[in-house]
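Coming up are structure 1 and structure 2: the same protein chain in two forms, each one given alone as structure tokens.
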Structure 1
Amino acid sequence: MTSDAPTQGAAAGTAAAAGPRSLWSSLARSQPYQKFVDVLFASQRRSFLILLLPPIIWVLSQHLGPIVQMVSVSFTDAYPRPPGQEAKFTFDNYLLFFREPVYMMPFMRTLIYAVVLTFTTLIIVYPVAYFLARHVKRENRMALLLLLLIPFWVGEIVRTFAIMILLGNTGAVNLILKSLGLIDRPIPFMYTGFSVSVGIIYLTALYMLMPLYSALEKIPASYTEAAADLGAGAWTRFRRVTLPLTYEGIGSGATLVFLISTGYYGTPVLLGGPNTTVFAETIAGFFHVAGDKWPTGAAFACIMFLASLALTGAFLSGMNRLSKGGRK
């Protein structure tokens, strides 16, 4: 009697698990369901539109929707609107940026940081991507990529604190330099443009690595072998063959790093000081006060958004011309 209990329990569990499956199976074979599916997917075009609908709804509601809302808020005099008060349309929030020179410094600093750090990230990451794609055996690439991706599994703030531990007065960098006898007292790395730069490069390296690795991996080895057979040296093969074929990867990675760099807030706050204030901190300052300043913050965010898009468009246009010129 006792020995049959586990068997009965297993049978009951199997029956419970099979219950929902049999229910759905009978529903799928039912006449109303079959008619509904036939009407819903009557043609290939209708099937395509139905499958396309969820991502369109997602993009409109989660991406374009907030941007449209931000733009609409930027043209009002106060937000949230006080009860019983009508909204007033105004350009003053945008004009304030051009009237007050104090806002121009963090704005220009942000763009300069983004451009310089994008180029620096490219210089640092390109050799890593090249080594992975061209010199590591295919069966070992995934393991090495996984090792590079592990730090990015944690949040931005945690990784920023890791940089603070490294660059602090008692951090690993100062301890190593002191043990080597290169310094007598700690170097004040923290709360400077250097610490902000290191943090942003560390946080954005992945967005440069993956497009570059993808572009380099697609280059057939026969291309460089043919160039070598024609007498081209290593530098000539890289400059005339490999580099032009990775322009698209460079453009994609640089675009991602640049756009992300212009919007970072937490990292500059934790690693920077009064002389490294970026525009995201200026924008956030308007949202930390009463609602009559929120439209100003929205307007400043729109200005940074448009400036970033303009610079990105000019860069991609230049890369496209460079890529076409390299293929001629």
Structure 2
Amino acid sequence: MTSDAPTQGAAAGTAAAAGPRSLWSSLARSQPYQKFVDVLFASQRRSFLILLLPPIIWVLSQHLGPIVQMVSVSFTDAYPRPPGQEAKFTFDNYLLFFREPVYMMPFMRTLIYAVVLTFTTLIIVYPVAYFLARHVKRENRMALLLLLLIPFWVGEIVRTFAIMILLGNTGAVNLILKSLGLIDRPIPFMYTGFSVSVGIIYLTALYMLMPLYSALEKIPASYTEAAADLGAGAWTRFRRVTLPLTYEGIGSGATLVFLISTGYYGTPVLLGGPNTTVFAETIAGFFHVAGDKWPTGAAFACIMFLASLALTGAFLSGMNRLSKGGRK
């Protein structure tokens, strides 16, 4: 429809366009729809309530519901309830954790692994993020970043399998060491804490990389230039300017890596051995056997969730204090 067309032509054009223009126009003009809309959006308040209620119901029933149910099952003596019996409230499931040292080992191991792995991932990934954000030209950044993202789109189990091939007795690392004449017999990397760690770092590195990269990318070059003009050396510039400005990125990356690494189940099962049982395997064990162990499993899951939340919270508040101190 051109603006200089005769009026009649334009009107005809509009009429012609109105037909196939869209189902929506005709639908929106139809009587039932108008009535429906009049009821639905009668007032600002009503339309807001219609927008608000379904998310509230969804979030409470689907996001919070499973967690609440898990907590409530953890306080019962048996689940599912034997027919004709009232569920009894009990702390036994929680007390069992503290009574039996068998469970303490995997629990502590999980937390220690998670802390060590988070720290290791940070050390490994920081230079990579730094390089990408501060040394690479803007137009190349995207390509180099995408290159790193490819493997991270591949699932947990496939990547774990890849690590098994890398570290196995007939794996690539042992082959190389052997052909270099460094070893006679293959080093048993697999089914140890080492293989579990390599596997989990392989899975979580991206969650550290992304927050660090975006934190580093935001720092204007003028900051470090100003520090250099004031006579700060490379190390001082990094320690006093760059690093404090990335505390927030470190905080969110470390939180993600920590929480995610405590939750892996398939990877430690495949890469670990009897001496590397993590708490996820302990918890899962209660769900493989008959149903009456579920409350214990639920209680253990609650303990782990609380412990990881507490550690994360402590870490984040520490980081917060650090970054505030840095800004003074």
Partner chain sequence: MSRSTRIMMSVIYWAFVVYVFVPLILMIMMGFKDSKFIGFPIKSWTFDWYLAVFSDTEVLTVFGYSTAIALLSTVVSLFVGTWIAVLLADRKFFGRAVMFGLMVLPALVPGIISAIAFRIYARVLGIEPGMFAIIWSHAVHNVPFVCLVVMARLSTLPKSQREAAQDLGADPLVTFVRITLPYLRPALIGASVFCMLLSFDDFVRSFFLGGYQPTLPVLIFAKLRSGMSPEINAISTVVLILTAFLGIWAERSMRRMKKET
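All figures in this text were calculated on a predicted structure; none of them were measured in a lab. Start at 1 and count along the sequence of structure 1; that gives the residue numbers used here. Here, rigid core means the biggest group of C-alpha atoms that superpose within 1.5 Å across both forms.
S.K.: Since only one of the two is the form predicted on its own, can you say which one?
M.R.: It is the first structure (the form predicted on its own) rather than the second.
S.K.: Quick check on residue 67: with the core superposed, does its CA move 2 angstroms or more between the two structures?
M.R.: Shift of 2 Å or more: no.
S.K.: Following rigid core alignment, is the displacement of the residue 275 C-alpha between the two structures equal to or greater than 2 angstroms?
M.R.: Moves: no, less than 2 Å.
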